[in-house]
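Below, in structure tokens: the form predicted alone, a single chain.
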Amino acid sequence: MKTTKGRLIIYTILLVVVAAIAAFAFVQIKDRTYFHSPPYTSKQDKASDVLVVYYSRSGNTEAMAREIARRLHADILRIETKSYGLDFRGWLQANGDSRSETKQVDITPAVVDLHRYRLIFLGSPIWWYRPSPPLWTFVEKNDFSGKDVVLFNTFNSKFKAEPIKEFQREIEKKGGRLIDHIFIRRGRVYYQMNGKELIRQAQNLLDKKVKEWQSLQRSR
């Protein structure tokens, strides 16, 4: 009897371990899969006064950024960093830096001339409940004097209010005004919305928000 019970305990432990390993492997595979959204190229004749700046590790925030740029005929700029590659090392680095609330990483481009833009969208994934480090770095290194700013994010779980308020304070220190925060929650890794659903969510969100942003800017 004791032997049977002991075997049951061992089998249960083995099952839990196997399930944990399988779950970890599944997350790693998902985390290394880049979502390639339809590309965006501005087709307007005159220079835009709207700029979309974003960092995206796995393509989801990029999809949202491209939909914003498409709707507003904006210029678009991707922030690059070598710190967070789509491998296990990059995943560990991203987790570690986000948990420690790192705000300074090497990015390209670091400094951008923003003088001709009236409205700037800043986007990144949410890591550990706050915008990811490359976006904080971009804000710290650039001048947002007189600019209206919209923060946009994609994430799996949730964000916390205090880091968003902190981000707003950083924008204000650099002379800008955060007028809105928009986001798309994709869901946990086992039941996430797919790329097409994410794009559709972004389009629906923009349907509701564009007139509101235009109104806020007219009242400035």
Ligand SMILES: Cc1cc2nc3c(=O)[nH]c(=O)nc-3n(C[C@H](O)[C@H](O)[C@H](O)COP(=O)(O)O)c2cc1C
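Just so it is clear, the structure is predicted and the values come from calculations on it, not from any experiment. In this text, residue numbers run from 1 along the sequence as written.
Keep in mind the form predicted in complex with the ligand is missing from the figure; the text below concerns it.
- Taking the partner from elsewhere, Tyr117 is found to have every heavy atom lying beyond 4.5 Å of the ligand in the model of the complex.
- Under a 4.5 angstroms non-hydrogen atom cutoff, the ligand in the model of the complex lacks Pro134 among its neighbouring residues.
- The closest heavy atom approach of Arg57 to the ligand in the model of the complex falls within 4.5 Å.
- The ligand in the model of the complex is approached by Phe155, whose closest heavy atom lies within 4.5 angstroms of it.
- Stretch-level contact check against the ligand in the model of the complex with heavy atoms at 4.5 Å: of 122 to 130, 67 to 75, 139 to 147, 109 to 117, the positive one is 122 to 130.
- With respect to the ligand in the model of the complex, the three residues Thr61, Trp91 and Asn95 uniformly fall within 4.5 angstroms at the level of their nearest heavy atom.
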